[in-house]
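Given next, in structure tokens, is a single chain: the form predicted on its own.
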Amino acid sequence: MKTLSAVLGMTAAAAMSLSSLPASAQTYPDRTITMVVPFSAGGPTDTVARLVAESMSKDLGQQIVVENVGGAGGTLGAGRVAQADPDGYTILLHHIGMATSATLYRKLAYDTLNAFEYVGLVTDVPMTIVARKDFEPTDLKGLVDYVKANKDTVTVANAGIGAASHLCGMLFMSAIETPLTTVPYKGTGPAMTDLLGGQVDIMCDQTTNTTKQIQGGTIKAYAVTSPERLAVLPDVPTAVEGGLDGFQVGIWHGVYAPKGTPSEATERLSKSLQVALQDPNVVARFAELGTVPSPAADATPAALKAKLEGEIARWKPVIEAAGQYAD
């Protein structure tokens, strides 16, 4: 009888605990979720987001709709999510710009580290140093020599201040100790269009945006920024192989929710993200784009928070030394 009473008591306590949770937490998700991508549709971050959103939708049993809110280096979209209702139905997929914006923008409308809950890391995309297909240099060493000798005429395209291409281009100029004329665009698409058309000379951008163009021979590739060559681009040497010692940079992506989002929701989203990153279709598509999904241990709130903190500290001195700010 005592054992039965104890079991009944535990059952009642559990029932009371569940009943004390908000109804939305008990049934989450029960409607469509909006995933904000703070860049234009068709760009590399948008491509990653749509692949992940599709797979997560299947696991969650509710559709995740991707909404592109571009502008101001990703800070407009991030700001929208920071101000959204913390109910788990508005989330953000952002890249390394989440860290660099903390220094690039001296008057942000939100506190980068404290305005969000963390869901998990998605992927770390390598970069490529590319040029218009008829650009004169034939290898990375030749490229560096050429741009140093022609620094007043060589142009570097990027998708706007704070974009991955801007950050990588800034690191490239820092590495070769040569300032070049930068040409910012409103998105990766227009920047790539002008590179293809020969209106600009070089660009440093994610493999998710450049791989197909490199494979098709419509642009010239000089290096990848990963520690090793990529299976999808086996003939493209690493930047280190090409003579840029220590030039390794990846554009990592993470998923966030507004501050105050219930832990039940962020934990469910994190588990769903882990499932999506093991989806064979996602793995295969990522491979085609020159990247791999983050391991389950990184697709967690704790791992993403630690990554963001470390990257803010890493990029702050780089940006301050360059003296390039967005405001």
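Note that this is a predicted model, so its numbers are computed, not measured. The first residue of the shown sequence is 1; numbering continues from there.
What comes next is about the form predicted in complex with a small molecule, which does not appear here.
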* Among 99 to 107, 185 to 193, 114 to 122, 139 to 147, which stretch has residues whose heavy atoms lie within 4.5 Å of the small molecule in the predicted bound form? -> 185 to 193
* Exercise: Gln206 in contact with the small molecule in the predicted bound form, heavy atom 4.5 Å -> yes
* Asked: Does at least one non-hydrogen atom of Thr225 fall within 4.5 angstroms of the small molecule in the predicted bound form?
  -> no
* To do: Would you please decide whether Thr211 lies within 4.5 angstroms of the small molecule in the predicted bound form, comparing each non-hydrogen atom pair?
  => no
* Touches the small molecule in the predicted bound form: Pro44 (any heavy atom, 4.5 Å) -> yes
